[in-house]
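Below sits a lone chain in structure tokens, taken as the form predicted on its own.
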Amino acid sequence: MASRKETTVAASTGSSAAASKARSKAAPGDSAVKQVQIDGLVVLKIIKHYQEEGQGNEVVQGVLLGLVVDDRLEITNCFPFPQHTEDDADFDEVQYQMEMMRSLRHVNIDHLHVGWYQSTYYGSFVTRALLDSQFSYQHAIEESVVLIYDPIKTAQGSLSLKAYRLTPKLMEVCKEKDFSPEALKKANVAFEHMFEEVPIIIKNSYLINVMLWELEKKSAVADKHELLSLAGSNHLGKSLQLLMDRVDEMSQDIVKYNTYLRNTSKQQQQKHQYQQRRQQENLQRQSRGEPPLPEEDMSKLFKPPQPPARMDSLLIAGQINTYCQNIKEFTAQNLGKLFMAQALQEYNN
């Protein structure tokens, strides 16, 4: 699997050219991407990459190339990160990416970085690694996005390809690198405010559209009845199992945070009792005509407990939300087929 640290280095290398070209075509003061336009060939390359190198929960990744026109990000090409093991010590990811972009530039193909893509396993993509990678991309190239391809949902009959960006609030928190509870509360960042989905439009040339129209006429209609099958799959069970695992992780994280709150409250009580004892002792010394006790640094006597980082909790909550959305979509489709089957049976009877 490609190293994300090396990925971000290569992205930063081409950021200046991409940013300058993007700003020259974008409206002044408005550099946000409101729409992603993908060539059909790019979608086929991503699907082909997973079919050739992705196995089970193995994640495949690659680089997205294109340009920015106004508030629309056009993805016109891509190339994959080659799969290699730790034994391939001589393989240089950054050098590979630079050579690929140089080769594309020589044949007059768009070679500017506009993001990256990644496959997912049952929607499990809300991770710290993805957050760090997308922050590096978006910090270097403001308009960059990450495409998430779900091969399991695609195999069920509908293409699952979504584009995400980090929200401005989360970008500010990541720049400060302060993920304490106070910092996240001050920034008003919740799991709903971490990623923003950008609408996707798949565009093909007129010749490709004509070819697809002809292929659709020649395709066998007999295979389409599989989409109406009432047989359940293991997709729902697997999604529920992953959801329960994340809920268990959230429960453990909540226990850690409650322990931190109890320790903080206990320390505050000890600190208050210590101050009261010193105050009473100073009053007694004053009544005896003795000088008061010297001032002490309370922060050294009572070191505050280290607060747990809350970013992991936000990521777990965001992943739980993603699982819930996937389960909702899957059950809605199945319930729709069941109601349709019931209506047909009542009509026949």
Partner chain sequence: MGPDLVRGGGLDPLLTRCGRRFEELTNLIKTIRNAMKIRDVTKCLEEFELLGKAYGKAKSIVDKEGVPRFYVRILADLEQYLNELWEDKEGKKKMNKNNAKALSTLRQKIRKYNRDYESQISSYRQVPGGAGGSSSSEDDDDGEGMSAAAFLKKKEPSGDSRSKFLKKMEVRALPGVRGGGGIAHVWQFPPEMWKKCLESIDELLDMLFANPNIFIGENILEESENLSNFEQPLRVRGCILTLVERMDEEFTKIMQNTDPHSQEYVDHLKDEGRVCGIIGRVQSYLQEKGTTEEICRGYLRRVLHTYYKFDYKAHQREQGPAGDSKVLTPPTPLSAAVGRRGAVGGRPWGGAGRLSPLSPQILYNRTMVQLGICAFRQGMTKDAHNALLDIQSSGRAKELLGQGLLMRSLQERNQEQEKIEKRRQVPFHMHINLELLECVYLVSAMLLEIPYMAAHEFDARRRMISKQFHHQLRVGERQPLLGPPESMREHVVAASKAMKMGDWRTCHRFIINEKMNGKVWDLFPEADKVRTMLVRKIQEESLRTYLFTYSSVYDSISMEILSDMFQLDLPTVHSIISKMIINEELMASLDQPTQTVVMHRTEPTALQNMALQLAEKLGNLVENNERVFDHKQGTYGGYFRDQKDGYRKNEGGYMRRGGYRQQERQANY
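It should be emphasised that the depicted structure is a prediction, and the values quoted were computed from it without experimental measurement. Numbering follows the first chain given and starts at 1.
Keep in mind the form predicted in complex with its partner chain is missing from the figure; the text below concerns it.
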item	value
Triplet 293, 306 and 309 all within 4.5 Å of its partner chain in the predicted bound form via a heavy atom	no
Heavy atom contact within 4.5 Å of its partner chain in the predicted bound form, the stretch among 268-276, 67-75, 153-161, 118-126	268-276
Among the candidates 171, 261, 104, 212, the residue which, in the predicted bound form, approaches its partner chain to within 4.5 Å (heavy atoms)	261
Heavy atom within 4.5 Å of its partner chain in the predicted bound form - residue from 184, 243, 194, 148	243
Partner contact for residue 254 in the predicted bound form: its partner chain, 4.5 angstroms, heavy atom	yes
Partner proximity in the predicted bound form: residue 202 to its partner chain, non-hydrogen atom cutoff 4.5 Å	no
Distance check, residue 247 to its partner chain in the predicted bound form, heavy atom within 4.5 Å	yes
Residue 236: touches its partner chain in the predicted bound form, heavy atom cutoff 4.5 angstroms	yes
